[in-house]
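Heads up, what comes next is one protein chain in two forms, each shown on its own as structure tokens, labelled structure 1 and structure 2.
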Structure 1
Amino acid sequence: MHGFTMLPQSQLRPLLDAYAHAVATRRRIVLAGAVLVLAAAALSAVGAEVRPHVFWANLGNFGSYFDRLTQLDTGARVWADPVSWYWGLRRWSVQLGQTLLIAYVGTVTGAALGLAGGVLASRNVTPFRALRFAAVRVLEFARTVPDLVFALVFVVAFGLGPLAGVLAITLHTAGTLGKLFAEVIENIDMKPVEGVQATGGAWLSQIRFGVLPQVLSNFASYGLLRFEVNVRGAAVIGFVGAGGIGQELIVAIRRFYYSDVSAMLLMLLVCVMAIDLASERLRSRLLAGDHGA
């Protein structure tokens, strides 16, 4: 007929039945999952006091908020008069610079601590079992507590200003990088380490000459990635008084200085994107160099 022969009905039937059964079972599982998710969504909608009518009624506010963001006090559009839009350019630049420095210093210090923590927390090179357990727990704690919460506590302890921000970012970075570093170290080739050990090298020289050369480019790439995240983090850490442009931004938002808000947000956006781009280049160079070696 068509160049192929159909199985006789008596043999085809059970196969088709089995197929229908398999599909039906899968459908049931998917359906049950969907119902579960929807039920959870409904429950949390009650918990989160979702009010769709308020949302619809005020959705216009959302549009007009952005409209007001692009308006100067005089009513003119911001791009018509960039000079008065960016009246505080010098001040904001200084604060943006401070934010970048907070992110940088916090990332570097955090990476150094994370390196120490990562070495201690990795299964294959840690000197003592008990030390490893402690290091893993400390890193976990530093990672789980949001940096803003750290910043809140540090503002009380160290006073208002960038120091609190730097420390908060340092701690959080040490936690996240420490875990990543430990994972990288656990995957290294142990032969160089054994070689150093065989020539009589102490634990520290084993780390220095056996472990570090293998992992450094990987660590640098992770560190850069973390720096990108920390620039964003440093910008909002100012919200609680820990220095940088965030301090100025939240005042502007709270007091409805619309054109200031848009000016600072735009500066921040451009800055973040430039850093993302630069670090993406650097990272691909780092990893490429790694493969070439």
Structure 2
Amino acid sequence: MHGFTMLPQSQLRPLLDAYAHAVATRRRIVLAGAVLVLAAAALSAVGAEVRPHVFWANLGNFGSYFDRLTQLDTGARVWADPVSWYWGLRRWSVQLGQTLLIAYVGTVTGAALGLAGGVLASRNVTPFRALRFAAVRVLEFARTVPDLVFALVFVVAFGLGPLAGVLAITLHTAGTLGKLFAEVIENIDMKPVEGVQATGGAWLSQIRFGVLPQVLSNFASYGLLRFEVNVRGAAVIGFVGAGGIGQELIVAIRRFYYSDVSAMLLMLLVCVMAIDLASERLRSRLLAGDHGA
């Protein structure tokens, strides 16, 4: 074994002191940051009127409501009579399918618009500052306005039905994915783009052959993740008449049809879980293929 030489105490002591000082400084910074976060949380709780005593006092009501969801009108548990529990299975299945279609069409259309917006908002591939500014502002507006608000506007404009839901999902998806796509594009290797440009390729050719091959797997992964989110969103915007199972669900909630509410929630939960599992596998394969390439 090779020995090691200890520094003289006169040289070692300043180093140890400097290390101890650095550790103490870092601890003070972390402590100060934690105090600021807790203080901000406390002030936010006051502003949002968060009252823990009210929460604890009414926590039993929350549990009793979910207990009521597991009971039929006869008082029996829902799993004791599945036929009565899912008396509206055919109609609910059609509405759930409509929710999936709303989410799918909205995701595909929104992803296409988000791709265009993401390219235009990227600093490294769009040289026109005014165009970039306009694209960024449009994407900000689209993702800032909640899809539920978009749905309310489109219901007023186009009437009740799936069209309002598709338009709401499309706009919000375009804004969200456009931001993500722009960030991915801004981190690509510019050499392929410069190569296409050097051969005389137009701007669209640079995007098609220099940018897209580098980012398609990430785009597909983000699109699949957004589809999962949009399935849940499509169910919620149905509350305002934008089509899908949400319309039936809000009626059951308002009329206190507890077993119907639990039946539809379970269908939606199973559907979302299946989509999550399938899209997770697809995303893993896409990212694995991208890293392998």
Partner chain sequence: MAAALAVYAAGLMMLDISPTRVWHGLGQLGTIAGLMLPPSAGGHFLLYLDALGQTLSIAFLGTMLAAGVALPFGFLAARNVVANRMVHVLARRSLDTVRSIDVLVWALIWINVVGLGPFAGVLAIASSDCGSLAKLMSEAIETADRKPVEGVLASGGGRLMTIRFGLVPQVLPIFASQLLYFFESNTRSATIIGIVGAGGIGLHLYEQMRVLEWQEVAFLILMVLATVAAIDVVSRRLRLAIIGRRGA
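Since this is a predicted model, take the numbers as computed values, not measurements. Between two forms, the rigid core is defined as the largest C-alpha subset superposing within 1.5 Å. Just so we're on the same page, residue numbers count up from 1 along structure 1's sequence.
> Could you point me to the form predicted alone, 1 or 2?
Only structure 2 fits here, because that chain is the form predicted alone.
> Return yes or no for R28: a CA shift of at least 2 Å between structure 1 and structure 2, with the rigid core superposed?
Comparing forms between structure 1 and structure 2, the R28 CA shifts at least 2 Å.
> Spell out whether the Cα of W56 moves at least 2 Å between structure 1 and structure 2 when the two forms are superposed on their rigid core.
Yes: W56 shifts by at least 2 Å between structure 1 and structure 2.
> Just how large is the rotation of the smaller rigid part between structure 1 and structure 2, in degrees?
Domain rotation angle between structure 1 and structure 2: 12 degrees.
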